[in-house]
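The chain below stands alone and is given as structure tokens, in the form predicted on its own.
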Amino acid sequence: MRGVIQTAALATVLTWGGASWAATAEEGVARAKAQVEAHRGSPKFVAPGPAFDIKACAAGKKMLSIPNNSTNPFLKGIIDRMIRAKDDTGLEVVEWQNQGQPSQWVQGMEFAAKNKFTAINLISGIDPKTIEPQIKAANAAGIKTMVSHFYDPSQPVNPLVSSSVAIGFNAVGKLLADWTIAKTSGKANIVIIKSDEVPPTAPLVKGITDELAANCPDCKIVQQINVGVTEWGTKIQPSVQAALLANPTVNYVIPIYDSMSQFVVPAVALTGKAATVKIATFNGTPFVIDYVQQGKVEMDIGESIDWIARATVDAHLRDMCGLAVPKELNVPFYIFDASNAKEAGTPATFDKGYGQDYVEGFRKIWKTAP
């Protein structure tokens, strides 16, 4: 959406007079800095539920995991690690490889039914409403369909799915906003790159706008650029270049999913604004953390895909075995910036930088610890 979106808080605080407005702005910056600092500590494991014998639960079961697109390295990495975790979990996991076409998702659902899978995992991007007839057929065949890393906790879950473990997309948006507030001392002028077709986009962007309204009366969202997932490679770069040239006060670009950064980085460079326009993003994809090490991206909010994989298998097996299912993945967000990006490796990898606390934590609650 073009044009300037002024935060609602600005109109409110201006009625209070200059002195009160300044105090409010300072308090907002302080709150933002506190939130940023809270995500710098070493990630800690929190048990998602009571301990259970995971291998006894998993005996004879198999799960088909269907990503929204197998070319997405983030999703591919999660599924690979669910497969590798079999030694700890006992669950056989198979990936349904696809190129992001709904017809291919339908084929995957049919494959699961024909091959008598116990459960189907729709991971991060497939909206259950697009394949409802197939979910109904799976349900009729006694196959549970479960969703992971897709819904924000604030969003209603499709009633046809057996369970969902959500991710705090709204919380991510708030943290992205807090970063820009803290780094600009409350003077952020932001361009957001988003994909409205992806349902978690709405709560994530709302997190940004709500946090700016609460903590930053002088911050502005200058422009929101909506680009469909299949058009990232052709539309993001020229759209960002046009936005930066049209709005010289912009000091932050937020591509809400970090794989967008590969098209934002050259746009910033080609407009000659690398010194004044910074990039903050989310997902922790290794090539983007490499960008952080190179100074091309200022910050990336990461989440361990191995941690996500284990949390997903944990939740889905609890569902398959009739146990209480956690509502969220409970995978902590961790900020990578110039101060710590090398913790992820050089070049960065998906599995470095988050410590090993979670590995032993899961083994303990799964009763597989040596």
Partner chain sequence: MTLKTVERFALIAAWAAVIVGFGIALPGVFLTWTNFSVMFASQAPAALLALALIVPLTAGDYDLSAGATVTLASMIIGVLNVNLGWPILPAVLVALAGGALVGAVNAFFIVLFRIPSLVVTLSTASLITGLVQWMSNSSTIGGIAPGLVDAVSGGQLFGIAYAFYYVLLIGIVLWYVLEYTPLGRRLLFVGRGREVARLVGIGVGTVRAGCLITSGAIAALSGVIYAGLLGAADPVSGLNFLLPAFAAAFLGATSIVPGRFNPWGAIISVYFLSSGITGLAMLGIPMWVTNIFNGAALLLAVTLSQLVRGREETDYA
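Positions refer to the first chain, counted from 1. The structure presented is a predicted model; accordingly, all values stated were derived computationally and were not measured.
Below, we refer to the form predicted in complex with its partner chain, which is not included among the displayed structures.
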| query | finding |
| --- | --- |
| Residue contact check: A182 to its partner chain in the predicted bound form, 4.5 Å heavy atom | no |
| Close approach of E197 to its partner chain in the predicted bound form, 4.5 Å, heavy atom | no |
| Contact flag, T234 vs its partner chain in the predicted bound form, heavy atom cut 4.5 Å | yes |
| Exercise: N115 in contact with its partner chain in the predicted bound form, heavy atom 4.5 Å | no |
| Contact segment among 164-172, 121-129, 225-233, 146-154, judged by heavy atoms lying within 4.5 Å of its partner chain in the predicted bound form | 225-233 |
| Single option in T201, S239, T209, N158 placed near its partner chain in the predicted bound form, where near means a heavy atom within 4.5 Å | S239 |
| Position in contact with its partner chain when the complex is considered in the predicted bound form, options L270, V106, A137, I83, heavy atoms within 4.5 Å | L270 |
| Partner contacts in the predicted bound form for 245-262 (non-hydrogen atom within 4.5 angstroms of its partner chain) | L245, A246, Q262 |
